[in-house]
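Next up: just one chain, as structure tokens, the form predicted on its own.
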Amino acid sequence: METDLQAIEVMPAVVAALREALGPRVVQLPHEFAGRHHADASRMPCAEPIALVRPGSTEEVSVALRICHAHRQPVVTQGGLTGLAGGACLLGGEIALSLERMRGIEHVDAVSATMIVLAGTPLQMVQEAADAAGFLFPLDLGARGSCSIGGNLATNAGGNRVIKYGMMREQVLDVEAVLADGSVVGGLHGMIKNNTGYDLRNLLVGSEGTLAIITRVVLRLRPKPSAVSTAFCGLPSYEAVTTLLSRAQAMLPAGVSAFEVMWPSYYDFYTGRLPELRAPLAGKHAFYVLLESLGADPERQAESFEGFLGAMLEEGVVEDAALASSESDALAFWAVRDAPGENARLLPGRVSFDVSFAIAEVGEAARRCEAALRARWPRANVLVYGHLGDGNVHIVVQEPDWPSTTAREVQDVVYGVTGEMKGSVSAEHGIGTKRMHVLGLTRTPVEIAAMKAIRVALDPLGILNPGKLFS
């Protein structure tokens, strides 16, 4: 009891006001959340918050922000803490506002194919609710069990099926959000067409918590596929990879739902170090592709998918292919692609990149990056893979025992190529604090000035996630 009284006596005025308005269940003091993890998955530095606010409703978020605004108190919103750009990390002196208590499915409209959910709801819970209702929620990430829908929206998450369904931006029809001064915006409309001025929904999606705190959303559901065709292919060249992509998009009746490309550096590294992985192909190839097609006619799809692969083999576009004959086969193929989930164990001290280019230029960009990296660090592991259908390529670089200061030198190499080839320094992970220093390689000074003006207009005191995106 003495400890509680002492803590209250030295409590900052803003924390005391929050505690009085929302109570100790919502507003926790440092000694009450001692030992709690506050950093995201980016491995960026993260300070302890001066208080932890865990609202259970939009109204409580509004009250919290109104008080913080009056005290000019910085706030960092946190979801599942699975982000890879440092966007949820605290710089020091902020309040952490966690949406962990704001989870749940509020309503499913089967006629309109929509779902209203709270922003703290884990992605996997949304996927399972959609499936139970006879629909598909197509966004899928390796962190599905932990990442939250609000965080997916704040970072405009991508994932494996962007080629067919688009980024997270395309999965939402409306958002409810609380502005920096506590005002609530958003009507939770469930229609696709709503051409009534500025689109606040799309403005908030991808804003990384710097413009408002998203509290509830209307998600767009898709028809559940009844046919899934999956193949793992070996190809002789990057030209063959792009040919396979364009042919698959044109010739497969159900189109392409995933087109994951792995360079030999990636394939050989993981299949050689993870005994649980079953190498889908026996031989060596210049490129490997995991191809998936989701449709609604199982019999016709299986026939057309197999026929398509046969044609690609005859033409020499594909050198070898393994066709999944069961769900377990498909899961085994995807396990190869999901192997980076083991990076923390296999590649300590790694430097990771999430860049994108025009699809036609991805092969050359990867070649230039890999050549420059190996010339500088010949002993390094340089792993390249990506969602080629949307131009997104991931590069992981690690050399045993190199000093931590090497990370910036590695970044200079990869981001240098990205800037020269007019690519994006962040395809799907966001800017946060990790990529602030290279934002200017992708955005012009005029564009950055416009973004800063929007931020000042919605948050004139700069209390929402300060020090993120740009200074």
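Throughout, we count residues from 1 along the sequence that is shown. Worth saying up front: this structure is predicted, and the values here are computed from it rather than measured.
There is also a form predicted together with another copy of the chain; it is not shown, and the following applies to it.
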Review point. Taking N156, R169 and L188 as a possible spot, do all three reach another copy of the chain in the model of the complex with a heavy atom inside 4.5 Å?
Key: yes
The listed residue (Q73, T210, T77, T230) that reaches within 4.5 Å of another copy of the chain in the model of the complex by any heavy atom is T210
Assert contact residue (another copy of the chain, in the model of the complex, non-hydrogen atom within 4.5 Å, options S356, S98, T121, Q398) equals S356
Residue-level contact is defined here as any heavy atom of the residue lying within 4.5 Å of another copy of the chain in the model of the complex; does I192 satisfy this criterion? yes
Indicate whether S426 is a 4.5 Å heavy atom neighbour of another copy of the chain in the model of the complex.
yes
Item checked: Distance check, V162 to another copy of the chain in the model of the complex, heavy atom within 4.5 Å -> yes
4.5 Å heavy atom contact, L84 to another copy of the chain in the model of the complex: no
Exactly one listed stretch (309-317, 292-300, 340-348, 365-373) reaches within 4.5 angstroms of another copy of the chain in the model of the complex by non-hydrogen atoms, and it is 292-300
Residues in 20-36 that come within 4.5 Å of another copy of the chain in the model of the complex by at least one heavy atom, in order, are none
